[in-house]
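Just one chain is shown here, as structure tokens, and it is the form predicted alone.
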Amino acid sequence: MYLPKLEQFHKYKEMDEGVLGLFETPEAIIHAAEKAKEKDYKGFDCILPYPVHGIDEAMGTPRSGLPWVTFFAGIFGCTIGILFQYLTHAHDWPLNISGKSLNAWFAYVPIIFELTVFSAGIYTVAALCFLSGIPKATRRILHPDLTSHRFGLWIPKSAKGYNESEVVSFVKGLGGSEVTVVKPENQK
């Protein structure tokens, strides 16, 4: 088991200004991510059309904190399920049905299970949407091929040690087939 850390809950940052390099294969983007990590660029990102095994390790991304959200939301749902049914049956409407105990917990299990799964799922989706900045209809499209078959290495201007000409030559040296300097949309 691992302990939760603040960096596991990193929020998506909009891609406004920086350098985008396009790569053709998953192996090339993994190699580029490893080199960008070695160069100590902070906040760089890899834009992928589909999941690539090993990219998290190559980028040095910490394990996601979403399992912690799911765990605590499940505990919350379980607690609400137990308390709601117990307080209803034992305190609010204490009915003696077939001589059963007022705290017949085994009858609570289906509701407890459903509330645990429901709250864990809802809170996990809500946390995922919050951390990834969804919904945002005006998200900037950096290159149309990133959604179908090409891979992108994004190094933002806010990265430590960012120098535009050095970053462009660095990405070209990694084998980037197309390197673009991205400026804010209002400065084109």
Partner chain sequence: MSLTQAVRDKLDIPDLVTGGKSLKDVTVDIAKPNEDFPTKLWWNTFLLVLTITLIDVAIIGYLFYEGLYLLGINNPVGWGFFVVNFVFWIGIGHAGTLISAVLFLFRQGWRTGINRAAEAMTIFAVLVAASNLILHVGRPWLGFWLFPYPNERGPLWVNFRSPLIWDTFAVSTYLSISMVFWYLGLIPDLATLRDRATETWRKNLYNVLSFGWVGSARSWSHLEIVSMILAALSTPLVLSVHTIVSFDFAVSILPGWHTTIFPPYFVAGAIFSGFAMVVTLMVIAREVFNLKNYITMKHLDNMNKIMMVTGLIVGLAYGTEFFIAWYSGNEYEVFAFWNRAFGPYGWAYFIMISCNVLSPQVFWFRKLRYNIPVMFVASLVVNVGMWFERFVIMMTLNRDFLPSSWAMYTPTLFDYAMLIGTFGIFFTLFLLWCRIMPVIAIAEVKTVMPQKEGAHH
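Here the rigid core means the biggest group of C-alpha atoms that line up within 1.5 Å when the two forms are laid on top of each other. Residue numbers count along the first chain shown, from 1. Nothing here was measured: the structure is a model prediction, and the numbers come from that model.
Omitted here: the form predicted in complex with the partner chain. The next part is about that form.
Undergrad: Taking the partner chain as it sits in the predicted complex, is Ser177 near enough to touch it, meaning that at least one heavy atom pair lies within 4.5 angstroms?
TA: Close contact is absent here: in the predicted complex, Ser177 is far from the partner chain, nothing within 4.5 Å, heavy atoms only.
Undergrad: Are any of the heavy atoms in Leu115 no more than 4.5 Å from a heavy atom of the partner chain in the predicted complex?
TA: Within the cut-off, so yes.
Undergrad: Looking at the partner-bound form in the predicted complex, is Met15 within 4.5 Å of the partner chain by any heavy atom?
TA: It does: once the partner chain is placed as it appears in the predicted complex, Met15 has a heavy atom within 4.5 Å of it.
Undergrad: Using 4.5 Å between non-hydrogen atoms, is Glu34 touching the partner chain in the predicted complex?
TA: Close contact is absent here: in the predicted complex, Glu34 is far from the partner chain, nothing within 4.5 Å, heavy atoms only.
Undergrad: Taking only heavy atoms into account, state which residues of 77-96 are within 4.5 Å of the partner chain in the predicted complex, ordered by sequence.
TA: In sequence order, Phe84, Gln85, Thr88, His89, Asp92, Trp93, Leu95 come within 4.5 Å of the partner.
Undergrad: Taking the rigid core as the superposition reference, indicate whether the CA of Ala90 shifts 2 angstroms or more between this form and the one not shown.
TA: Yes, the C-alpha moves 2 Å or more.
Undergrad: Please say whether, between this form and the one not shown, the C-alpha of Val117 moves by 2 Å or more once the core is aligned.
TA: No; that C-alpha moves by less than 2 Å between this form and the one not shown.
Undergrad: Is it true that Ala107 shifts between this form and the one not shown by 2 Å or more at the Cα, once the core is aligned?
TA: Yes, the C-alpha moves 2 Å or more.
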